[in-house]
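Just the one chain here, the form predicted on its own, laid out as structure tokens.
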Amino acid sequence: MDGVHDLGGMQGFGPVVREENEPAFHAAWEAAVVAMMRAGGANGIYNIDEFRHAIERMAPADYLRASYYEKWLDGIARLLVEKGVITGDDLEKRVAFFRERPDAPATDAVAGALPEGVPAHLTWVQSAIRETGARPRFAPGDAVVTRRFHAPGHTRLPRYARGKTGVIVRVHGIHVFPDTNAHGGGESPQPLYSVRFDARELWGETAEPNAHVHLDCWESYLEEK
């Protein structure tokens, strides 16, 4: 979707500040969020594309000021409510509980017995490759043009790369299509390509000369040049 998260190629947001020797987590709660995200996937509550789309639907002002794992937490909470795992009222009560008792164990916020568990895929890995036997429409060296569209939902084709000419560099195989998988429309697997774009094709004469950008593009994003 064309939301505030799609910042690629935009200017005016200041430099990207890199923290030297940055740790994997800055606080224990960040590691807990990663565990929550993987638990949701391992128990089949959501897939990776639904998770990404949930983050994209964060309120724009909140998105711009949130940290990386705050975005994750917001997306997880949204999905748990939408999927009926908890109610919005449950969420508000638990937030209020921990606001008053920030050091309390997580289970203290749950009244009664915990929900019965379901079989989990503890080694959950989001493999998106599907062997369907489909034949790719394009081959390395083919010139292509990306489609122009304004996606109402999740898409992996950024705004700055729409309607642009590039060259196929590699065929990755057949992969799950995020644009449908994020919305309960099924995996709809299709060929995925690495496409090389000249930086000036993407951003005009102000772009660095002799620079290229490689994007992974699903077949339905592409048209023949």
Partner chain sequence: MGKNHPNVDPYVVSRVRALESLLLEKGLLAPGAVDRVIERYENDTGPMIGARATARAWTNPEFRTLLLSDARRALKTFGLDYEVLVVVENTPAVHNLVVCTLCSCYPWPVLGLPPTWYKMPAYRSRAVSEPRQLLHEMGLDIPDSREIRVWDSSAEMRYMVLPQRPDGTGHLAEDELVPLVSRDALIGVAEPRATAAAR
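Just so it is clear, the model here is predicted, and its values are computed rather than measured. Positions refer to the first chain, counted from 1.
One more form of this protein exists, namely the form predicted together with the partner chain; it is left out here, but the text below deals with it.
- Residue contact with the partner chain in the model of the complex: Arg170 places a heavy atom within 4.5 Å of it.
- When the partner chain is considered in the model of the complex, Gly204 lies well away from it, no heavy atom lying within 4.5 Å.
- Among residues of the shown chain, Gly133 is not one whose heavy atoms approach the partner chain to within 4.5 Å in the model of the complex.
- Within 4.5 Å of any heavy atom of the partner chain in the model of the complex lies no heavy atom of Ser188.
- Looking at 54-71, the residues that come within 4.5 Å of the partner chain in the model of the complex, counting any heavy atom, are Tyr63, Leu64, Arg65, Ala66, Ser67, Tyr68, Tyr69, Glu70.
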